[in-house]
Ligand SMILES: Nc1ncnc2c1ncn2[C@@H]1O[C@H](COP(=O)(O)OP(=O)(O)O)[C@@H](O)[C@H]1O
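Here's a solo chain for you in structure tokens, the form predicted alone.
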């Protein structure tokens, strides 16, 4: 199986401060990797390296030729007064095609399909500034999917999304994973454990676990106490022992 993307001994950071060191990760077709870790541990830095927004201090980023990546950032900053429609925002995810080429009938149909899924079909021609935060997040999810990516990267995808749609979102990700690899960053460890196939813990380095089970090994890789809420018939909590100073 040919890897879609591979990080080899990556060290990265900002100016002269190293945030990540010795990171190795391989993403294969139809992988579903949950990325977890404490605040400040380097999750955002990792995503920037993956997206080639931040050149590493050392190491290599190897991508499959022609790899298409869809990206849903945690926070989407947009000028609500900017005159752009929902449809145009989604189409902007196809960087290699003109927004105004009317011959792309299949692309237009794809926009309709995506908007129908997220329940926003009636907002197709609305100004993006007229939408709520949750609605905007749905539109940007459509934007991430419009190019039919091989790899979908989501940074806290449930940010701003209402609870009703959140359940639909996670069902969608399960369906999407049949056709594409997914990297999902989330603080909702319980949800991640029930959805993903493998887990990568990021805290200065990267500890990869070829399983979706949260074990003591996973907890230790954080180097800090975290609380896990297990969603099951009998919900329970696991809290790592730690000393208070």
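Residue numbers count along the first chain shown, from 1. Since we're looking at a predicted model, the values are computed, not measured.
Only in words, not in the display: the form predicted together with the ligand, which the text now covers.
Asker: May I ask you to choose, among 205, 59, 38, 70, the residue with a heavy atom within 4.5 Å of the ligand in the model of the complex?
Answerer: Flagged contact: 38.
Asker: If you check in the model of the complex, is residue 177 within 4.5 Å of the ligand, heavy atoms only?
Answerer: Although the ligand is absent here, residue 177 would stay clear of it in the model of the complex, with no heavy atoms inside 4.5 Å.
Asker: Might residue 19 be said to contact the ligand in the model of the complex, defining contact as any heavy atom within 4.5 Å?
Answerer: It does: once the ligand is placed as it appears in the model of the complex, residue 19 has a heavy atom within 4.5 Å of it.
Asker: Against the ligand in the model of the complex, would residue 34 count as a contact residue? Criterion: heavy atoms within 4.5 Å.
Answerer: Answer no; every heavy atom of residue 34 is more than 4.5 Å from the ligand in the model of the complex.
Asker: So in the model of the complex, is the ligand close enough to residue 44 to count as touching (4.5 Å, heavy atoms)?
Answerer: Yes.
Asker: Where, among 44-52, 62-70, 192-200, 22-30, do residues come within 4.5 Å of the ligand in the model of the complex by heavy atom distance?
Answerer: Heavy atoms within 4.5 Å of the ligand in the model of the complex occur in 44-52.
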